[in-house]
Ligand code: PD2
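As C-alpha cells, one chain now follows by itself in the form predicted on its own.
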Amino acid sequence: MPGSTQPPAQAPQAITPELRRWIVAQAEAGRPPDDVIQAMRDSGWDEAVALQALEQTLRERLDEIAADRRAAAEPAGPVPEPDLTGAPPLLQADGHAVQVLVSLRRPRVVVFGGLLTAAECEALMALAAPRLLRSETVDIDTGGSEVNAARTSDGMFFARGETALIARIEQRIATLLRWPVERGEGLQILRYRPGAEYLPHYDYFDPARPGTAPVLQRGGQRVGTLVIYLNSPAGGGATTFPDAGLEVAPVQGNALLFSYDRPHPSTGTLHGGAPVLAGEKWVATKWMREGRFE
C-alpha cells in the first residue's frame, strides 16, 4: 500500500562448501543429526534449510565414499617394476650394477644405490643449469601448467633422447624397471635451494578434475615415478611418505622408485620433498605413463 513500510526481505541462506565440510565433520565425529540441526538453528539457520543441507550433504558424502571404494577395488594395472625375484642385492642394467637398498610393498617403493655415477650426475646438472626456471605443476582444472606455491624449486625438462648421455640414462632406467623408453616422460631436472620444498601430493592425475582428460591424451595415466638424487645436500631434503612414515635421504647417484597401480589414495603414494636445510638439492625425475608418451 502507498505510504506503508514493508520489512526488508530476508536474504536466502546459501548451503556453502564450508557448511558442507562442517556437517561432514560433525557426522564423522558421531554427532546425532538432531543435535546438528539444533546447532544450526541456534546459529540462525532456518530449520527447513538446515534439514535440506544435512540431507544433501550426507547423501553426497555417501556417494563419494562409494565411488572411492569402487576405485580402490578396481583391478590393478601394470606398473614399472624391477625383477626382484630371489631378493637380489644387485641388479644389472645394460652392464651397470645397481644396488637394491630397500623394497617396500605398500606403498610400492624401491630404493636403488648407484643408479648413476657421480660423473653422470655432475654432467646432468651442468647441462640443466642454464635452462632452469621456476618449477610449474599441471593445472588440474585446465590441463595446462602453472606456478604452484606448494613447489618452491627451479626446473627444466630434457626431451627424450636429447643427448647421448640422456639416451643412455633413459635406456638404463627402461631396462632396470622393465618399462619401455617411449612410455616415459622426458627427464625433469629440479634444483631446491635452502628452504625450498614440495608439499605432499600425488603424482597421478586426478580423474575427477576437468583438466585431466587432455593430459591423458598424451600417453595415459602416470603409473610410476623415479626420483634420482644428483647430489647430497648438506642438510634436509628427504623424500617423505607421510602416510607410511617413510623418509628417504637424498644421496648422490641413488634413486627412489614408487608406483601406483590406480589413480587413488589407496596406493599410499602421498609424498613430498622436505625443506632443504643447508646447501642445495638436485634431482632428476622420470614419470612413466600407461602408454606411449607423445
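Numbers for residues come from their place in the sequence shown, where the first is 1. Predicted model only: the values in this text are computed from it and were never measured.
From this point on, the text means the form predicted together with the named molecule, which you will not see here.
For Asp203, a non-hydrogen atom is located within 4.5 Å of the named molecule in the predicted bound form, even though that partner is not displayed. Though the partner is left out of this view, Gln13 does not reach within 4.5 Å of the named molecule in the predicted bound form, counting heavy atoms only. Though the partner is left out of this view, Tyr192 does reach within 4.5 Å of the named molecule in the predicted bound form, counting heavy atoms only. Although the partner is absent here, Thr212 is not a contact residue: none of its heavy atoms lies within 4.5 angstroms of the named molecule in the predicted bound form. Residues within 4.5 angstroms of the named molecule in the predicted bound form, judged by any non-hydrogen atom, belong to 194-202 and to none of the other stretches in 124-132, 194-202, 77-85, 169-177. With the partner removed from view, the residue among Val227, Leu230, Ala53, Met40 that has a non-hydrogen atom within 4.5 Å of the named molecule in the predicted bound form turns out to be Val227. Residues His271, Gly272, Gly273, Lys281, Val283 of 260-284 are found to place at least one heavy atom within 4.5 Å of the named molecule in the predicted bound form.
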